[in-house]
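There is one chain below, alone, in structure tokens, taken in the form predicted on its own.
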């Protein structure tokens, strides 16, 4: 790995979103099994390369670990929204046992994110960078909505 790639990776792993994702993963680790793992190892379950995705059946029911990872991702986004705007952001994750559902993040009475989920047993991102990009995109839209509708967000 070249020095430029190392710097890029270090910057990515030290980004606010990745740090929050690791914090959220450690929060659900009641037995301390993540204590000795690196950032990359902790976030590895979120990475679903095309090869890994091919190994997962098209139709399947999500297990508790997958559902926990989905909650971690949206909890991390909510925590970042709170940190940026100073208002409480609340994620609501509603999933069926078949792997379909919806995620909302609200700030006050304002819905800042609404996403329909399908095939959650295949939830993941091609890379940590893509996961961060998705998180940054959602965060940007949410903060713009809060800025535009601050009265509703403050209720």
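Residue numbers count along the first chain shown, from 1. Computed from a predicted structure; not experimentally measured.
Keep in mind the form predicted together with a further copy of the same chain is missing from the figure; the text below concerns it.
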Task: Contacting member of 26, 53, 102, 130, with respect to a further copy of the same chain in the predicted bound form [4.5 Å, heavy atom] - done: 102
Open item on the list: Within 4.5 Å, heavy atoms only, which of 93, 66, 87, 42 is in contact with a further copy of the same chain in the predicted bound form?
Closed with: 93
Open item on the list: If the criterion is a non-hydrogen atom within 4.5 angstroms, does every one of 16, 21 and 76 touch a further copy of the same chain in the predicted bound form?
Closed with: no
- [ ] Determine whether any heavy atom of residue 143 comes within 4.5 Å of a heavy atom of a further copy of the same chain in the predicted bound form, and answer yes or no.
- [x] no
TODO: Evaluate residue 114 for contact with a further copy of the same chain in the predicted bound form, applying a 4.5 angstroms cut-off between non-hydrogen atoms, and reply yes or no.
DONE: yes
TODO: Please run the contact check for residue 118 against a further copy of the same chain in the predicted bound form: heavy atoms, 4.5 angstroms, yes or no?
DONE: no
Open item on the list: Contact with a further copy of the same chain in the predicted bound form for residue 70, defined as at least one heavy atom pair within 4.5 Å: yes or no?
Closed with: no
- [ ] Pick the stretch from 122-130, 30-38, 43-51, 106-114 whose residues have a heavy atom within 4.5 Å of a further copy of the same chain in the predicted bound form.
- [x] 106-114
Task: Residues within stretch 131-155 having a non-hydrogen atom within 4.5 Å of a further copy of the same chain in the predicted bound form - done: 145, 149, 151, 152, 155
